[in-house]
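Consider the single chain below, provided in structure tokens and representing the form predicted alone.
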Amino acid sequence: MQTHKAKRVEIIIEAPMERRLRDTLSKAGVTGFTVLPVLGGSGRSGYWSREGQVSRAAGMVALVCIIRPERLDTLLQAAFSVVERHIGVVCITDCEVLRAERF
């Protein structure tokens, strides 16, 4: 089966910033992504967990997007305009997809 090269971008950001990130990416032409809840983790400030939180204000979300390699810079510039002033991590990995026309 033929596969096509793509980029997988994962952006972990504070939950209250999710909408701003989605809107910014949409304005940059990014049409497809998935948003996942982040249940906990550990970083520079130590371990944290969503356990016991009443609202999502203290939580994090992960936005996952698969795009064509030539569109990566546009996505990163848009994402960085939101992430640079907030807690957030951006990861980029190479991947392959089966249906390139969807990306």
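These numbers were taken from a predicted model, which means no experiment stands behind them. Numbering starts at 1 and runs along the sequence shown.
Quick note: we don't show the form predicted together with a further copy of the same chain, though the next part is all about it.
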property	result
Partner contact for residue 28 in the predicted bound form: a further copy of the same chain, 4.5 angstroms, heavy atom	no
Contact flag, residue 41 vs a further copy of the same chain in the predicted bound form, heavy atom cut 4.5 Å	yes
is_contact(residue 70, a further copy of the same chain) in the predicted bound form, heavy atom dist at most 4.5 Å	no
a further copy of the same chain in the predicted bound form - contacting residues of 70 to 103, heavy atom within 4.5 Å	73, 76, 77, 80, 83, 84, 86, 87, 88, 89, 90, 91, 92, 93, 94, 95, 96, 97, 98, 99, 102, 103
